[in-house]
Ligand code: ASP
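The data below hold one chain only, encoded as structure tokens and taken in the form predicted alone.
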Amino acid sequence: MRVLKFGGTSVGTVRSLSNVKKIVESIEEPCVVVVSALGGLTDRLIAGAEMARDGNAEYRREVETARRRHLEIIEALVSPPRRKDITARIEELLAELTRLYEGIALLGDLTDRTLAQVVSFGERMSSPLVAEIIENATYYHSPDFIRTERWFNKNIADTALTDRLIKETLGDGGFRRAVTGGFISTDRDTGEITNLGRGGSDYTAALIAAALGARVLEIWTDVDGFMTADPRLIPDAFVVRHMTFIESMELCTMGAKVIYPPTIYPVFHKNIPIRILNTFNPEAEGTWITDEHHGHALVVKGISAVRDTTLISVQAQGRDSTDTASRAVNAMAKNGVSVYLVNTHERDAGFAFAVAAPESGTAVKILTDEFGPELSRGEMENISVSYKLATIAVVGEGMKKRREMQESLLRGLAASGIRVLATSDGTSDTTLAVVVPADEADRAIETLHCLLFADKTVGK
């Protein structure tokens, strides 16, 4: 069995959906197809909800635009005998969406709960529509088996319950091609509609693949695979044919947009390979992600960046900086704040770490609460914050051991006049991360890519 996920760009137009139809119908073995909302629709649903909240009647135009897009696809790709039923279903959902918008407009309020209902309509419309386009396909409603729980004010998958429900719903193999929506889910306790957040369709597909023991999880997108850097910035960037789960996880966590980072966990534990493929160029080899190390492959797999980051620094005189930094990072993790880089300073017993700029205020509060007694006694000095930075990651298996390569890269950045404000301490075996001013980030990536891949041999 194969599990295939098609993102918004893959299901956004008649042309792209024609490609999806050809790809899926060419598969002989049973498969599960997970689809996102039509490309760009989720953003428009959110915009419509905000218009309704603000008393702007233009939300009705958003509903009409969604109607035209879906009906155009039905007219072009659904066989005539099947058009009436799917059209009625789409119209019913759009009528429900309109009533929801009208309620938001009446109250002048948009809660998180209501917004979750609003954005669910994208996948609730796209998935039954795709099931009608593909021959011999059976539609399954994903909130029936994807369940969430609340954790630090976020919805996360209840993996044990979801695994059981997936097996109960899809495990009997009573289908040739199953189609379901990604992203949307149901709260296990309240039964309310929820979602898995941005990139949640990838995660839905991974949960299904893991539960069913799929042969492979295919992520179909609009690029030929993982690339050594963002090709919009680096025209010479090229596709990496193979990488490990850990390498792909590090690249995605550090800014690569190819797949949603949590996608990797369920299939990694089941050792199910992931393949990144291009819906618009299905003949391309793509990128394989497995647990295996390929000795002939590039050592460095890519460079990615988290653009809007903040560096938070603390001095802790007379204390063990490593233990103190570890305590700080653990406090961040307990409160759901991601740390991109940790840097300790033996000379002044201080430490610094990088977080996403929108979370910097929360991070400072967590530190203040965690180290309140030490700060009051003067054992730690005031916390300082540096803004408008970028964290850049060079990812490859065994980077921690490649000290000469790391030093060469840092020298190269210095020679290019790029200020490195902090570097990772080597806590990751796979990643060298550096913090640079945001306005120097592009030049830093260009410099690193040239040093590593100019002749495609340096990183081998």
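Residue positions are given as counts along the sequence shown, with the first one as 1. Model, not experiment: these values are computed from the prediction.
If you look for the form predicted together with ligand ASP, you will not find it shown, but the lines that follow are about it.
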- request: Can you check 208-216, 239-247, 192-200, 329-337 and let me know which stretch has heavy atoms within 4.5 Å of ligand ASP in the model of the complex?
  value: 192-200
query: How about residue 394: is it within 4.5 Å of ligand ASP in the model of the complex, going by heavy atoms?
result: no
query: Does residue 430 reach ligand ASP in the model of the complex if we count a contact as any heavy atom within 4.5 Å?
result: no
4.5 angstroms heavy atom contact with ligand ASP in the model of the complex for residue 36: yes
- prompt: Is the gap between residue 406 and ligand ASP in the model of the complex 4.5 Å or less for some heavy atom pair?
  reply: no
- prompt: Which of 183, 145, 353, 226 has a heavy atom within 4.5 Å of ligand ASP in the model of the complex?
  reply: 183
Any residue of 116-143 that, in the model of the complex, places a heavy atom within 4.5 Å of ligand ASP: 123
